[in-house]
Structure formats: C-alpha cells, structure tokens
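Only one chain comes next, encoded as structure tokens, the form predicted alone.
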C-alpha cells in the first residue's frame, strides 16, 4: 500500500520529509519496491528523535507484515519479522516458556529499528539488544534478499547498521528458558555513597537504573530488577535500604508527579521477565509530543568522571530536563555499537519538548564529555558529526567500506548518514 506522507515521529519533534510511505503486504512486494526505488529507507515505530529514519525518496514500513514468530527450541532461537514490536514478541515467547535476555525501557519499539541503532536495556552483563541477533535477512539495493549469520565476515558490521545496508525484513534472536524477575525501587539514594563504589551499585541486580535530575546530593530513584525470585524471602539488603535510599512504598514512575500505574510491577512482586524487564507496560501507549531524548555512552571506568562532568552542568541541564537515567551495558563487537570494545555506562536524558534550548546545551555537554570518548545514541538528539565520531569507533572506516560495497549507488543513504557517518 502506497500513501502520501505528512507525518511526525513519535515525539512530534520531527516531520518526515519523504513524500511517500509504502506498507507492503509481503516481503516479495517489499523487494520489488526497493529494486525500483532510487532512494528508500525503512521506517520503524518512529521512536527516533532525529532524521535517521527519513529519506529523500520513499519510506518503507513493515508494520503490515505478519510477525511470523517461529521458535526453534533445539537451537534456542526465535525468528521474527523485523517490523514486529518487542512487546508482541515477548508475550509470545513467554507463552511458550522462553525469554529474551534483555528488553529496553519501552516494549513498543520495533525489533529491526532497535537493533539497527544499538538500543539497549540495562545490566552489567547484558549486551544491547543487537547482541542477541544470530541471523539477519535484509533486502539489498538490487531488491534481492541477503542473509548474514553470526560468524560471517560482514556480520559484525551489518547488525548495528543504521539502515545504511538495506531493509531488515527478518531477524533471528537468541532465546533462553523463561525466568522470573522482581523489581524493587528505592528513593533518595546518597550520591556520595553511590559514587564511592558505583560498580557495586550497578552490579547489585540483574538490571539497575538510577534516575536523577543532576542537582542536589541525592539520586531520586533506583530501579533494581533481580532475576530468579519466585516469591520467597525478599533480599535482606533491599529491605534494609540501598546506598542511603529508602524502599518505595508505592508504584513509582521515573518522572516526578506521574502515576506508576503505567509502569511494570514493582514492590518486589515477582513475575515473568516479559512483564518486568521493560520499565513500562505493553498495554500503556506512550504519549506523543511530550519529550525529547539524548544519550551518551562512556567506558565503565570513566563513569564517575562522566557523572561529575554532567552534575557540574546542572544549572544548564536541570531546567530543561524531565529526568535522566544512568544504566550499564556489556561490551560487544558490533562495529557501530556505542558499546563496541568496552563495558559501558549510558547517561540518558529525557528533555522537556524545548528543542531549540536543548540543542544549545548539547554542544556544551559533548565538549565536557569529549575527553572521555563519549559516543552518542544514534537515534537520539546529538550534535557531533562524522569527523568527531570516526575516531571513537575503531571499525568506522570498515563500516564505510562495507556500505560502499553493498550499496554503491547510495540507495539507502540520507542526510543524517551523510552528516554523521559518511562525512558528505
């Protein structure tokens, strides 16, 4: 199906410039569209905050395709259409006794879009969502299907590929037996205690998130997702407090003044991974137009220095901020992943919808974080261009060579990629 496009992204801060969007009903139809288009890109669930998903020609959405979820219990993998949302996949896996090792904050994002931008959850030993990819199927510039498996020469450069190598139609992910998770929230942690041993803080649960506005002497909230609890005796440390914080006595929302009803179950009540690892419930539809986002990643050993740098900018940041989240991500070998080659701390910023003001403070933040080699999230607001980004990724030049080889006519490029990757 072909429709004229005059639509905004999820946050409402970006209007797509592509004149048309295609919603094919089959992979074959998608192949024909790609083969006949001079310029085309995939459009996922629109949870990017910049122009990464736009096109000077056409956009192609896979939302009309059947999820076609196929579980292979022996191989412990699941194969699914790239346009499927993580929440949809998680529910089906749980029904069949399986699990993904990790989920992002929102279960509403598309699988192909998330892995293409190295979107992540949290946990010292948990890689970003792209690290679960065992196999990819994508439509190349000639309209033919290409398949890449873990271990193939181009695989590590093709998973986090920003849409530059083709349209990802199908993904095979590693899975494992289902597991339970309990989620505990603590309020008003001491920054002094947290920074005295931040590795112990982030290693205290399967997934740990710290929420702050960067001012004052306390961290507003910590969310701890602990794996394997089945309703037995609660963790004694949680009952006693957590780095100066007190246990929350009601369901919490990361944003001050918002109801926790839309968030996944807390208060230490155990339940399936599919209903705990994300911060928000699948049944909750995120609001539109209420926020902007940025995120920067630094090596784990630079965490306290990066936090100090941002706290030092609180007079500029806090007035524009809704909330910030600090999370950890395990190292990987995916060329354009912000966690390439290093265990990572992510500093996430949920801004008020004041883009002009936010864009004025981003260069200041990037200047302060530059000595720490901070890498931005590809799908969120940042200022750095290709010249600044290239030195941060050891395989940056290899990715450019791969893109030139598989898309010599630049069918999948756009202004974002020319500015941020190819340096045009």
Ligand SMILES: Cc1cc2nc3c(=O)[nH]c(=O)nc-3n(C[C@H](O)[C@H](O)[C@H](O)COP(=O)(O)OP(=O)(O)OC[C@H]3O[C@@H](n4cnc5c(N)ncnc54)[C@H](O)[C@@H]3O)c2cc1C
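Residue numbers count along the first chain shown, from 1. The shown structure was predicted, so the numbers you read here are calculated from the model rather than taken from an experiment.
The form predicted together with the named molecule exists for this protein as well; it is not shown, and the discussion that follows is about that form.
The candidate site formed by 52, 110 and 291 is fully in contact with the named molecule in the model of the complex, as each residue has a non-hydrogen atom within 4.5 angstroms of it. Comment: 101-109 is the region of 142-150, 213-221, 315-323, 101-109 lying near the named molecule in the model of the complex, near meaning a non-hydrogen atom within 4.5 Å. For the options 167, 185, 345, 336, the residue carrying a heavy atom within 4.5 angstroms of the named molecule in the model of the complex is 167. At the 4.5 Å threshold, heavy atoms of residue 119 reach the named molecule in the model of the complex. Taking the partner from elsewhere, residue 41 is found to have a heavy atom lying within 4.5 Å of the named molecule in the model of the complex. Residue 34 falls outside the set of residues with a heavy atom inside 4.5 Å of the named molecule in the model of the complex. Shown alone here, residue 225 lies farther than 4.5 Å from the named molecule in the model of the complex, counting heavy atoms only. Shown here without the named molecule, the chain has only 377 in 358-377 lying with a heavy atom within 4.5 Å of that partner in the model of the complex.
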